[in-house]
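This document contains two forms of one protein chain, each encoded as C-alpha cells and listed individually as structure 1 and structure 2.
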Structure 1
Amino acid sequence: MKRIVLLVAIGVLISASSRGQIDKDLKQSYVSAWSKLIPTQLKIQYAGDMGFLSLGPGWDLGKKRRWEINTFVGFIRETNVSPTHITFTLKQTYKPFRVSLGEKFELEPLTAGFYINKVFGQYFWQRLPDRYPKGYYFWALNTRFNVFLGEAITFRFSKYLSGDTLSLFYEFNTNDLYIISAINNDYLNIMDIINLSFGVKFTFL
C-alpha cells in the first residue's frame, strides 16, 4: 500500500512539473507573439493633409527594416466658423535605399508610400446619409487616400540611448480627389495638387 501511494505521488509530481514546463513555453511564445505588437518608433508629422499636427506609434517591418507602418492621431485647428477636428491616419512607408554618411548620419534618399486619412466631424460621413438618393455622391467625405514621395535623414545616438535614432523627414503628397481633378485638365499642373509635410521620427527598438 505504501509503495502504491509513493508511486502515485511521484507520478503526480512528474506530470505536474512537465506540465509546468509546457505552460512556461506556451506562455513564453504567447508573450513573444504579443511583444511584436510593441511599437518600435514614434512619429510626429506636420501638415500633409492629415491634420495640423499628427502623432502616433509605428512599427519597423521586414528583415532589413525597409517597411514601416504608422498610425497617427491628429487634429485640424478650429477657425471662427469650424470646430477642431480629430483625424486618424494609417500609413505605409517603403524605404528602398539607405546611404551611410559617416558614423552619425544615414540618408534615406527615397521614401514612398500611401496613407488613408479619416477626419471626424458632423459633416464628414463615411456612408452616404439616408436622406440622399442612392449614389448621389460617389466618395466618402471623411476618407482620403494619399500617396507620397519623400526623403529622410537619420541621426544615430552614439553615447546615450545607444541603438536609438532620430530622423527628420519631408514628404510631397497628393490625394485621390486632387488627382481626379487634375485628370483631363491642362489648367491644373502637378504643383497645384502637391503638398509638403515635415516630420520627426524617434526609433527606440
Structure 2
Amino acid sequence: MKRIVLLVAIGVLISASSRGQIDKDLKQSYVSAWSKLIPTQLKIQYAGDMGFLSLGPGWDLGKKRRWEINTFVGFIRETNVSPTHITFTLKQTYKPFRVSLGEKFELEPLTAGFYINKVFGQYFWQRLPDRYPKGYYFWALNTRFNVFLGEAITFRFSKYLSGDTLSLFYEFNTNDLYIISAINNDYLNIMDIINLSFGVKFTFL
C-alpha cells in the first residue's frame, strides 16, 4: 500500500512539473506572438498620392528584413473649393538588396511595392452620387491603387542610439486611374502620370 501511495505521489509531482513547463512555454509563445505586433519603424512621407503629408508605424518582415508593411494617416490640404481631407494608406515595400557604404551608411538602390490609399470626405465618394447618370464613372473616387519604384540611403547610429537607423528615401509612383486615363490618350505622356515623393524612416527595433 505504501508503495502504491508513493508511486501516485511521484506521478502527481511529475505531472505538475510538466504542466508548469507547458504553461511556461505556452505563455512564452503568446508573448512572442504579441511582440510581433510592436512596430519596428516610423515613417513620414511627403506626397505620393497619399496626401500632402503622411505619418505612421511600420513593421520589418523576413529574416533579412527585406519586406516592410506600413500604415499611414495623412491629410490633403484645404483649398478654395475643398476642405481638409484625412487619408489612410496601407503600403507594402520590397527591398531586394543592400549595398554597404562603410560603417555608417547603407544604400538600397531599388525599392518597389504597392499601396492602397483611401480618402475620407464628402468630395471623395465610394459609390457614384445620384447626380451622375449610371455608369458615368466606373471607379471609386476615394480609393486608389498605387505602384512605385524608389531608392533609399540609411545612416546607422553608433553612439546614443546604437542599433537604430535613419533612412531617407524617394519614390516614383503612379496609380490605376492614371494608367487607365493614359491608355489611348495621346495627350498624356509618361511624366503626366508619374509622381515623385520623399520620406524619412526611423528604425528603432
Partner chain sequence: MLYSKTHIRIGYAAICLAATFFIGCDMIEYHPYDVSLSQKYSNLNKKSIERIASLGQSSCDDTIRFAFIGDTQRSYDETRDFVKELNKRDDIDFVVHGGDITDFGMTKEYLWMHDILKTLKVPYVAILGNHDILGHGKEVYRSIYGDYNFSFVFKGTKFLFLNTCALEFDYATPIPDYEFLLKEQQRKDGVYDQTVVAMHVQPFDVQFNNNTASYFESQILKFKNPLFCIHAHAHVLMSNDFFSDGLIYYGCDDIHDRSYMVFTVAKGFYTYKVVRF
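Please note that residue numbering is based on structure 1, beginning with 1 at the start of its sequence. What we label the rigid core is the largest C-alpha set whose atoms superpose within 1.5 Å from one form to the other. Bear in mind that the values here come from a model prediction, so they are computed numbers and not experimental data.
Here, the chain labelled structure 1 is taken from the form predicted in complex with its partner chain. Annotation: Cα of Gly102 displaced by less than 2 Å between the two structures, core superposition. Once both forms are overlaid on the rigid core, the distance between the two CA positions of Phe52 between the two structures is under 2 angstroms.
For Tyr137, the CA shift between the two structures after superposing the rigid core equals 3.2 Å.
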